[in-house]
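Presented as structure tokens, the chain that follows is alone, the form predicted on its own.
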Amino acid sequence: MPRPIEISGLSADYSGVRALDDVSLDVEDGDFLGVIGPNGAGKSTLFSCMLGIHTDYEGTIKVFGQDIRRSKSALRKLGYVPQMMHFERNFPITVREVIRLGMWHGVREERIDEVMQELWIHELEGRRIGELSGGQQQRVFIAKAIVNDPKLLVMDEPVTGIDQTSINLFYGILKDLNANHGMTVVWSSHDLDAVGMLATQVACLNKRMYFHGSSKEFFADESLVRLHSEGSMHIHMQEHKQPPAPPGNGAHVGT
């Protein structure tokens, strides 16, 4: 049986800047892969390439044995949950309608009711998506992603901006989908504690692939964990570094 994902020699630019450099990665059936790395590491570009959105790359990406440059039909076996999106409160689409948008032709309508029950959102089906909390919205988007019973679920930092109670519920759902429904999961996160708790495999990315192996192996190696933590902290500090105030008349206090 072909692997859910096979990536070989992937290099890609984003806005004229090298985002991925010679990345290779295999995902086995039943894996729960946590993709970690600092902001700007190329995680979102990696996912965009895997999903067939970003097509200007070097190398090969196969999804269930099919090169997605030659055929995108295998992408029908894949579900995707993006980063948290925000909606106007009165955005005119209901929970049921959002989930229906994810259905392929031929999927029975009753499947919507089943996934709403599985994710505890059946009581929300008539509510507008903009009226829901962030955690409720993300459960709706998981339902949309799995309504076709995909073999593979891909998620790009899906809990950003969600409260901790909703995050815990979200992670419980993911664990159940992987352990009890046999769904392969590929998920990017900045939360090392969550990765250590959920992931069976870890990929440490910073434009290049610095580690790919079992979660136990990664977290048992203090130097790897420290390298990731220090790299993330360095990026964070660079992003938040403020330029000095200009001398002389350039700085004013008060009004």
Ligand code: ADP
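Residue numbers here begin at 1 and follow the sequence given. Here the structure is a predicted model, which is why all the values come from computation and not from measurement.
Note that the form predicted together with adenosine-5'-diphosphate isn't included here; everything after this is about it.
K.L.:
Contact check in the predicted bound form: Pro82, Phe141 and Asn148 versus adenosine-5'-diphosphate, with a cutoff of 4.5 Å between any heavy atoms. Do all three pass?
P.N.:
Contact check failed for every one of Pro82, Phe141 and Asn148.
K.L.:
Just to confirm, with a 4.5 Å cut-off on non-hydrogen atoms, which of Val202, Cys49, Ala41, Val27 contacts adenosine-5'-diphosphate in the predicted bound form?
P.N.:
Spelling it out, the residue with a heavy atom inside the cut-off is Ala41.
K.L.:
Would Ser189 count as a contact of adenosine-5'-diphosphate in the predicted bound form, using a 4.5 angstroms cut-off between non-hydrogen atoms?
P.N.:
Looking in the predicted bound form, residue contacts with adenosine-5'-diphosphate do not include Ser189, since no heavy atom lies within 4.5 Å.
K.L.:
Does Leu10 reach adenosine-5'-diphosphate in the predicted bound form if we count a contact as any heavy atom within 4.5 Å?
P.N.:
No, Leu10 is distant from the partner.
K.L.:
Quick one: is Val23 in contact with adenosine-5'-diphosphate in the predicted bound form, heavy atoms, 4.5 Å cut-off?
P.N.:
Val23 lies outside the contact set for adenosine-5'-diphosphate.
K.L.:
Hey, of 193 to 201, 58 to 66, 32 to 40, 214 to 222, which bit sits against adenosine-5'-diphosphate in the predicted bound form at 4.5 Å between non-hydrogen atoms?
P.N.:
It is 32 to 40 that comes within 4.5 Å of the partner.
K.L.:
Check each residue of 7 to 30 against adenosine-5'-diphosphate in the predicted bound form and list those with a heavy atom within 4.5 Å, in sequence order.
P.N.:
The stretch 7 to 30, when checked against adenosine-5'-diphosphate in the predicted bound form, contributes Tyr14, Ala19 at the 4.5 Å heavy-atom cut-off.
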